[in-house]
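Below you'll find only one chain, the form predicted on its own, shown as structure tokens.
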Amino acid sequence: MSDAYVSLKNLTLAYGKTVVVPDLNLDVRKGELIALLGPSGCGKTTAMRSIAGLMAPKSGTISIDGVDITRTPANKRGIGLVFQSYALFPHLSVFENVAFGLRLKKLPKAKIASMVEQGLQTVGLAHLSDRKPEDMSGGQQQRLSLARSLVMEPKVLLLDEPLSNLDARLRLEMRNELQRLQRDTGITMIFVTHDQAEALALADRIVLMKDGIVEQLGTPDELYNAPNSKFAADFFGFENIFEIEGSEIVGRTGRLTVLIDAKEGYLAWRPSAITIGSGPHQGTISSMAFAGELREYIIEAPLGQIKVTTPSSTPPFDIGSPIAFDLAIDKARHLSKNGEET
């Protein structure tokens, strides 16, 4: 018996005659925080819109807790939405923003007051109940948007790029806040983002999408350390990816002989996995950038460009200087042509 709480079966989504998501199958467990991740245009927001009831699928089904909601109106699905833009009412106080949906349900005033107070306490805004949104920081507005959705007691909470309008420090704070809320409430969350760092930090599982297709589904650890395709490897930071032909790896401008057993597929290295300053291969430093804890180099070699990072505490190499480097096979990720790791 399936433990799926949210289930998408053979879902086809299109705008007019343009199919964006051809055949999506996904099961989300109750209480799980799952991230739909991928570049712009990959279909992640379209999938979220279909779950919310904001667009009808061409075919396939959507169910929550065993109930088919494919044709159920959006306002009857029991789903909460948190948008990138927050969508707050600027003329209403914090209290009234949270109470708005509850008033539409015609609940008793005392019940509304109690639920709003609890919701604001959950997100740490009880002391700002009389404030207007324009007098709040971006992080506070985001928490207000969360409270407004949570008080409606949704079966599922959908979050569409909710942190993209925040600066780096607030994004980190809100990641922690979302994790706390999800842990404390036990609500099922589906989080849409193009930011791999957000997905890795927040999700129980990640759905990596490309061109409307699920490229890989797994835990953050699985996707980060064991990508199963060239696209997934590149997306998660294996920036040096070369095709294998016999005993050689092939770059844009040349080849290198390496000691490998495989005869085809790809070898992929993270920039941090490449040894610089010693090794059997030669190149020239073409650029260097200081990036806080790291220095980022580009080496021009017969194979093409090699991207390398080293700790910034180590002495820098000069631009234009010749450099030895090593592409250690034991530090590479080996990918087959059909997308499976070998």
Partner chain sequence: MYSKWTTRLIIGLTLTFLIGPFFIIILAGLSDGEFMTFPPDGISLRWYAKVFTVESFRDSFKLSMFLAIFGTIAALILGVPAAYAISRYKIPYGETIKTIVAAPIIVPGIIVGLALLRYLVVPLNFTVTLALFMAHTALILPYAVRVVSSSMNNLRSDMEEAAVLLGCSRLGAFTRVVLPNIQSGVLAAFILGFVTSFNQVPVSLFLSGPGVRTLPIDMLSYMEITYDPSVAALSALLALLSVVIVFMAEKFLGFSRYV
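Throughout, rigid core stands for the largest set of C-alpha atoms superposing within 1.5 Å between the two forms. Residue numbers count along the first chain shown, from 1. Everything quoted here is computed from the prediction, not taken from an experiment.
One more form of this protein should be noted, the form predicted in complex with the partner chain, which is absent from this view; the next part is about it.
Residues with any non-hydrogen atom within 4.5 angstroms of the partner chain in the predicted complex fall in just one of 187-195, 268-276, 96-104, 174-182: 96-104. Just one of A232, I249, L202, L88 comes within 4.5 Å of the partner chain in the predicted complex, counting any heavy atom, and that one is L88.
With the partner omitted from this view, the residue of M152, V258, M136, I213 that lies near the partner chain in the predicted complex is M152 [heavy atom within 4.5 Å]. Although the partner is absent here, Y224 is not a contact residue: none of its heavy atoms lies within 4.5 angstroms of the partner chain in the predicted complex.
In the predicted complex, the partner chain sits within 4.5 Å of a heavy atom of L54. At a distance threshold of 4.5 angstroms between non-hydrogen atoms, L144 is out of contact with the partner chain in the predicted complex. Mapping the unseen interface onto this chain, I241 falls outside it, with no heavy atom inside 4.5 Å of the partner chain in the predicted complex.
Applying a 4.5 Å heavy atom cutoff to the partner chain in the predicted complex picks out A74, N75, I79, L81 from 68-82, in order along the sequence. Residue displacement note: P154 has its CA displaced by under 2 Å between the shown form and the other one (rigid core superposed). Once you line up the core between the shown form and the other one, the Cα of E134 ends up 2 Å or more from where it was.
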